[in-house]
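Consider the single chain below, provided in structure tokens and representing the form predicted on its own.
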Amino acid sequence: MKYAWLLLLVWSALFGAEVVEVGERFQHSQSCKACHLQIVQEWEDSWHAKSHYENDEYLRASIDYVSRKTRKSLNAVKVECATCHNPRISVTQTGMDYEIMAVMELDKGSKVNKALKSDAISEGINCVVCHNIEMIHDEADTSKRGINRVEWTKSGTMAGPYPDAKSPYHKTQQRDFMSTNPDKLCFVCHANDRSSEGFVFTDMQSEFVAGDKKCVDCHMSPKKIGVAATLKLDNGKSKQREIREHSFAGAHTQTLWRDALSLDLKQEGKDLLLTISNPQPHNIPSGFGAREILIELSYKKGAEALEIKTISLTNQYISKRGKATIPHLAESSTKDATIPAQGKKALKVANVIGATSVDVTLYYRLVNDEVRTMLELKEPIWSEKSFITSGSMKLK
């Protein structure tokens, strides 16, 4: 009976609003394969499919780091991150009651632990995250993200882009955020990334320049004719439709970087003027804050290599104690190093004395050295360089 009072307090506490429960039949993408095989296979190789603590080293290391630095329980931080990474979770917040439980190791049977171990969230951003949304509250306060910005359909009702879609296995609804306004769906999570100090370290929605390009044109694919569902409901045939790929290409996709930026070189006296142009509708780098553009300048005298200079365009993040930290714990950052959407950034670099030519190459990295070291990331992808573009110039 030693902890009876504590247990009573904890079990009666509120753990945030519960989302609509996902029926067992729809919890896993495997159930969707019978009719949507190609789409599910594309999704399986995507980073949306890895949007889970167990499957993403960067997410896992960040959660562990935040837990250590803030002295919050690991599960409490997991629940906070689930707002976007596991938005079908049934517990949306924790409190001091849970922290007491966790410290005393009395939380094994709690709602929080059960929610984090539920099969309903084991696949991260899967079919029933995007296709079970009833309504998006884009009028909500900008601090509201992910699970706090949507209303869910009843389990077994799928939202999609087609007004005439039919299925014998689930109900269907057409929604404009699946057809005419897909950016609205992307910005449910890909906007207003805030640290624990309330500092917005990335806001892709505010930096986005609306125009002919939509998020899905690059990160899914341009529309093409294909089959969304293999059910033969169109006069004994599968219906041909305009579809998009579900591989969700992104910063981790090296081929997406080729020629994503352009480079112009000019000599001004003893200096080299580099102008980097960004034709994309969002800033580069963008995303989760620690990303980086690398500029490598290789100086030569004839065929002889003289010197290689490397310039990093990335943001450094500062904690409330004035020390370097990761974006999710930052109170501030250094001057914005990104290249603005449909804008330019000019840099002046002193040339190497005696050099007769220079080769300049732009690369992209997912995580800069500082954050990669803090998080002790081991997987090669975090330090790999993706080629963007290059240029050469003879020097006077």
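What you see is a predicted model; the values in this text were computed from it and never measured. The first residue of the sequence shown is number 1, and the count goes up from there.
Quick note: we don't show the form predicted in complex with a small molecule, though the next part is all about it.
Partner contacts here mean any heavy atom within 4.5 Å of the small molecule in the model of the complex, and among 299-307, 151-159, 107-115, 92-100 they occur only in 151-159. With respect to the small molecule in the model of the complex, the three residues Asp56, Cys81 and His282 uniformly fall within 4.5 angstroms at the level of their nearest heavy atom. With the partner omitted from this view, the residue of Ile295, Ile318, Leu263, Cys218 that lies near the small molecule in the model of the complex is Cys218 [heavy atom within 4.5 Å]. Ala191 is the sole member of Ala191, Ala120, Leu274, Leu313 with a non-hydrogen atom within 4.5 Å of the small molecule in the model of the complex. In the model of the complex, Tyr363 stays away from the small molecule, with no heavy atom inside 4.5 Å. The small molecule in the model of the complex is approached by Ser62, whose closest heavy atom lies within 4.5 angstroms of it. A residue is said to contact a partner when one of its heavy atoms sits within 4.5 Å of a partner heavy atom; Glu197 fails this definition for the small molecule in the model of the complex, lying far away. Although the partner is absent here, Asn351 sits far enough away that none of its heavy atoms falls within 4.5 Å of the small molecule in the model of the complex.
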